[in-house]
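Presented below, as structure tokens, is a lone chain in the form predicted alone.
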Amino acid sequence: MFELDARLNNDTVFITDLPLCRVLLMNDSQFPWVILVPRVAGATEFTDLDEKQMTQYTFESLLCSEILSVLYKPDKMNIAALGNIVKQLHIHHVVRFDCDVAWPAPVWGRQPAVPYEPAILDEHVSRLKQAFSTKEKI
């Protein structure tokens, strides 16, 4: 049975469940940052997904990237699956701007997370939920 890693649960806010992945917003106001977590028990690597799941993941990643691009107009989108600390397979979709605090370096380990103010977090969550709900039906 799928269970979300405790660290992901603590560091993110639930957006929605797609057919394969749970969609989470990283609670770091420095970067619009969505994480896709395939709801596959025990998955730690892409190779743990079967062909059908990999195809579905590709579709969902493209959907996520499109939504983030429309909502935030990034200069660059960073997509990565590291999993050195959190072993559960999860894929980061990080909106980057050439003026963000970590540019041009990776966002990991550069500076501590700055949680969203509650009202701003609610706004981002609402916009993302609406976008995923609308796009998922297309």
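None of the values given here were measured: they were computed from a predicted structure. Counting begins at 1, following the sequence as shown.
Quick note: we don't show the form predicted together with a further copy of the same chain, though the next part is all about it.
Using a 4.5 angstroms heavy atom cutoff to a further copy of the same chain in the predicted bound form, all of Phe46, Lys76 and Leu82 count as contacting. Not displayed here, a further copy of the same chain is approached by Trp108 to within 4.5 Å at the level of heavy atoms in the predicted bound form. Among heavy atoms of Arg39, none comes within 4.5 Å of a further copy of the same chain in the predicted bound form. In the predicted bound form, no heavy atom of Asn27 sits within 4.5 Å of a further copy of the same chain. When contacts are judged by a 4.5 Å heavy atom cut-off, Trp103 counts as touching a further copy of the same chain in the predicted bound form. Residues of 1-28 that come within 4.5 Å of a further copy of the same chain in the predicted bound form, judged by any heavy atom, do not exist; none qualify.
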